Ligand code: DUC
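A lone chain, given as structure tokens: the form predicted alone.
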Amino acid sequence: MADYDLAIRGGTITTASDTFRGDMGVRAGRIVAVADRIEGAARDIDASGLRVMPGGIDSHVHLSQHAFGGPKMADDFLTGTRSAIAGGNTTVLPFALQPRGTSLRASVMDYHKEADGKCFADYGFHLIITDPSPSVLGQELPALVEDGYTSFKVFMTYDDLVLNDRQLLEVFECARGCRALVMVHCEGYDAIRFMTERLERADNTAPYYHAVSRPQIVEREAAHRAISHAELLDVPIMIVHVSGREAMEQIRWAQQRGLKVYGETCPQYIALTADDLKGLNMDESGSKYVCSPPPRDRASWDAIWEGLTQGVFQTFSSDHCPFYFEGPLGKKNPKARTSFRWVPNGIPGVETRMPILWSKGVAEGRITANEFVALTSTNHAKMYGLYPNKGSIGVGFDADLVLWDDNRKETIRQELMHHGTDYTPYEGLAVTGWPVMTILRGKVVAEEGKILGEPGDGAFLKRAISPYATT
């Protein structure tokens, strides 16, 4: 009988801390040996000339999320996790959203029904709190944290999601008590409403004006307010999808004061600009790029790289939030043509996250391969209670791996994508560095763009209390 189910031979093993040539032995879905040479496996994979890295963990994706009176998302758990593994990811953390007036636990169960038996990648759930009632904060949320849902998100904007300052403080206090990590979407609700109405009165309604309606100052103000609330209560927070210098500097300021404030950024903030929202002569094609916060400008790219290289940002996530472009429920639906405010808000990106960061980061000399692993896998595992099962390579870790070709040149095109939507906002972007094979708990689930896994390969992950959530 073979000593190992799988041996991966001759690759350059790359973790957040180390790079070395070696072999790896896998048994029952876990890494059980790392050595110069491993013999006696039922299957060998030759990784010569490739890197072997921990599978990507994308800790910020939206799948099958129910829009309030709006269009259905273009990715459910089947197509979204299929796209994830094609892009080198082995774990995703989507959201279970609580509609106002409903039970938080019932909402979580609804999302489990959507996901059960459909996932190609492992998955967990963050919670989204929209109705922090006494029963939610006193009973449901602490019990769910105990059950392994150890992080949740709150919003400072959107009609159906926004919490006022009193509610934010109450939620932060609850998080401190049950040691959950709070993710915060920082944009100022009233300022955005004011700007939107002013633009509409001036007949500035094209998709480009979505970016004008939510400038960096509304993100900066909200980030400062969230940090102030967190400081008041001595509770750690993660500020998500930071788009430029102004919010980044708020986070850096907090970190320099010793506050437990963490940051996340995304591919759209190093690869897209607000000019993309202009489309072709301010036409509706600009709606392909509508997301919040919006992409900024090239100077903001530099600021994001500053945050990535200086450690202001711990994680690099996709904020995958896919809608169709065409069709009656797409981004250019009849209502969306009347104003940017009605354009479905979000873009796809789970499959292209890692190639974009490698190409613009490692290939262009901004970050090392080890920093890439930290930003795309290890830090996510540590931040969200998945480490040490996920996020690195060593004896005892799940055999979640991506075999990566540093030098592969590709052009991102919709025809290469495995997501459910009908476009990619990164169409035509040339990248260097590409996933060759994705392995989930010892099973090859994607290779050279072909999906070899099956729905149900992905398992639900109960997560531990994050060490970053403790005061």
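No experiment lies behind these values; they were computed from the predicted model shown. Counting begins at 1, following the sequence as shown.
Quick note: we don't show the form predicted in complex with the ligand, though the next part is all about it.
Enquirer: Go through 255-263, 319-327, 350-358, 297-305 and give me the stretch that gets within 4.5 Å of the ligand in the model of the complex, heavy atoms only.
Expert: Stretch 319-327 is the one.
Enquirer: Examine His62 and determine whether its closest non-hydrogen atom to the ligand in the model of the complex is within 4.5 angstroms.
Expert: Yes, contact at 4.5 Å.
Enquirer: Would you check, heavy atoms only and a 4.5 Å threshold, whether Asn345 touches the ligand in the model of the complex?
Expert: Because a heavy atom of Asn345 falls inside 4.5 Å of the ligand in the model of the complex, the answer is yes.
Enquirer: Any chance Phe152 has a heavy atom within 4.5 Å of the ligand in the model of the complex?
Expert: Contact with the ligand, no.
Enquirer: Taking any heavy atom pair closer than or equal to 4.5 Å as contact, tell me whether His185 reaches the ligand in the model of the complex.
Expert: Close contact exists here: in the model of the complex, His185 approaches the ligand to within 4.5 Å, heavy atoms only.
Enquirer: With the ligand left out of view, choose which of Arg105, His241, Lys382, Arg245 has a non-hydrogen atom within 4.5 angstroms of it in the model of the complex.
Expert: Flagged contact: His241.
Enquirer: Considering Gln314, Ser213, Ser292, Ser339, which brings a non-hydrogen atom within 4.5 Å of the ligand in the model of the complex?
Expert: Answer to the contact question: Ser292.
Enquirer: Using a 4.5 Å cut-off on any heavy atom, which residues of 25-56 would contact the ligand in the model of the complex?
Expert: None of them.
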